[in-house]
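Encoded as structure tokens, the following chain is the form predicted on its own, with no partner shown.
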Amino acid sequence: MSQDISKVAKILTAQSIKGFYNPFTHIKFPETLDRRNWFTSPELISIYGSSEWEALSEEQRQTLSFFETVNFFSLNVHGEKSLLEGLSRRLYDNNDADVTDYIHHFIDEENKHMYFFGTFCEKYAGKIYPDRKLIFPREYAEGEEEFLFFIKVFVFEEIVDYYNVTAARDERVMALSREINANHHEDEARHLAFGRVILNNLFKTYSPQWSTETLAGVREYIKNYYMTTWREYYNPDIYIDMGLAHPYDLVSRTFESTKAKEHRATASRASLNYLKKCRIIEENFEL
């Protein structure tokens, strides 16, 4: 581990200690929620601007925002579970005590987030939408598996944070949803800072040893992971719960629409720019 990572980890640990909280008392969950509220910003809803969206009443759009939020929080539950597993396996795998200390805080905070997201979904929707990601085992070049773990964390959390910030700052969104999004962003700001530094360090350390084919494969993996992650935001289960016609066709049409592509480009811009700055992806990289 580089001195930069150690220094960053030490600063983030101090910030985590200062911001420590009890998840079971930090956010109050009312017994019931009125679905005649905005649970996320309308502009973040997957079918926003489509003909199907235009056909909905205001109350139907708000109900759709509830199911979209259940999907978003479900994605976070699955993402946190995967992250917790990966981080736990990496505890004490290096000789940097500062990094190990911060990973303990990272794990603690991700576990709290999973509690908030899972409680909302189970309490108000009675379910968590299932995870559709599939993982296939394969062999890796030196350092490649470690790098790909952190690139997955990076991509997932950068997109999530865009949604968190947008919803948390939107006064149209109901208070509980804003609070969950704001809390997640506050903790994730530290996680994102750590992830960016460690990702850059891993790439600098291992990519010079990779073959041309391995490097090309890594860049293709990054592109595919962005698209796989984005596809989960267009979940047919949402449309089924809303009673919308032809939910699977709606997924395909919406995902390929110009408006959806523009939205994904905007939400992905900051993370892609960072990867380009670090030369992890090339300047002509596009989703």
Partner chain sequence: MKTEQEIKEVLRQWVLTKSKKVTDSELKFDTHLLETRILSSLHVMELILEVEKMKGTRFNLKNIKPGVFNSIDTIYSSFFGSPA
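Numbering follows the first chain given and starts at 1. The structure presented is a predicted model; accordingly, all values stated were derived computationally and were not measured.
Keep in mind the form predicted in complex with the partner chain is missing from the figure; the text below concerns it.
Per the 4.5 Å heavy atom criterion, the partner chain in the predicted complex is contacted by stretch 231 to 239, the sole one of 60 to 68, 22 to 30, 37 to 45, 231 to 239. In the predicted complex, D108 stays away from the partner chain, with no heavy atom inside 4.5 Å. For S51, no non-hydrogen atom is located within 4.5 Å of the partner chain in the predicted complex, even though that partner is not displayed. The partner chain in the predicted complex comes within 4.5 Å of a heavy atom belonging to R138. Among heavy atoms of D131, some come within 4.5 Å of the partner chain in the predicted complex.
Residues of 200 to 234 that come within 4.5 Å of the partner chain in the predicted complex, judged by any heavy atom, are E220, Y221, N224, Y225, T228, R231, E232 in sequence order.
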